[in-house]
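Starting off, we have a lone chain in the form predicted on its own, written out as structure tokens.
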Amino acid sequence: MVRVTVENGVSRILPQGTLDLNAITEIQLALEDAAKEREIIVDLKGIQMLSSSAIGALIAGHNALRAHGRKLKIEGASDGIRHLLRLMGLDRHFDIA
């Protein structure tokens, strides 16, 4: 399940539980819809593990947002997820808080 909130030009995407195929599709749709907002945050505080498919969805979302002059921000990631994203060099593309 993916919850989305929009407030003051900030779209916050909050995946919950397991990032299975349905959740990844929901994240992709949420990122596409968020492109019109000023700031886009994916809050991973409820996620302990990212699959390669989930990382691919974040990269695809980043690419789509970049085409609209927007940048993806990751918040609430566990130490392990932050470390993984940095090892992959994605911290050069996403803001990781």
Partner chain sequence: MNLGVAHSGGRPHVLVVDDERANLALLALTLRNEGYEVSTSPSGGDALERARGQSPDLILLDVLMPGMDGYQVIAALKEDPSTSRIPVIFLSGMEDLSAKLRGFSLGAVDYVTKPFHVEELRARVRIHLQLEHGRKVLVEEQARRLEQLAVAQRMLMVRPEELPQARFGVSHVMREEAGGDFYDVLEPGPGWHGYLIGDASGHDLGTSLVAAGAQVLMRQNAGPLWSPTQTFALVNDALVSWVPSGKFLTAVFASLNRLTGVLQVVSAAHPPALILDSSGTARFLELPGDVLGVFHGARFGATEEVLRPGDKVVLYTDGLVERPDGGVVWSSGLERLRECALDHRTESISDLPARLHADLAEANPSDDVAVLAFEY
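Residue numbers count along the first chain shown, from 1. Owing to the predicted nature of the structure, the values given are computational and were not obtained by experimental measurement.
Not on display, but discussed next: the form predicted in complex with its partner chain.
Engineer: Would all three of 5, 36 and 69 be in contact with its partner chain in the model of the complex, where contact means some heavy atom lies within 4.5 Å?
Structural biologist: No: no residue has a heavy atom within 4.5 Å of the partner.
Engineer: With the cut-off set at 4.5 Å between non-hydrogen atoms, does residue 49 touch its partner chain in the model of the complex?
Structural biologist: Within the cut-off, so yes.
Engineer: Quick one: does residue 86 come within 4.5 Å of its partner chain in the model of the complex, counting heavy atoms only?
Structural biologist: Residue-level check for residue 86: yes, a contact with its partner chain.
Engineer: Tell me, yes or no, whether residue 80 is in contact with its partner chain in the model of the complex, where a contact means a heavy atom of each within 4.5 Å.
Structural biologist: Yes.
Engineer: Indicate whether its partner chain has at least one heavy atom within 4.5 Å of a heavy atom of residue 41 in the model of the complex.
Structural biologist: Flag for residue 41 set to no.
Engineer: Is any part of 23-38 within 4.5 angstroms of its partner chain in the model of the complex by a non-hydrogen atom, and which residues would that be?
Structural biologist: 28, 32 sit within 4.5 Å of the partner.
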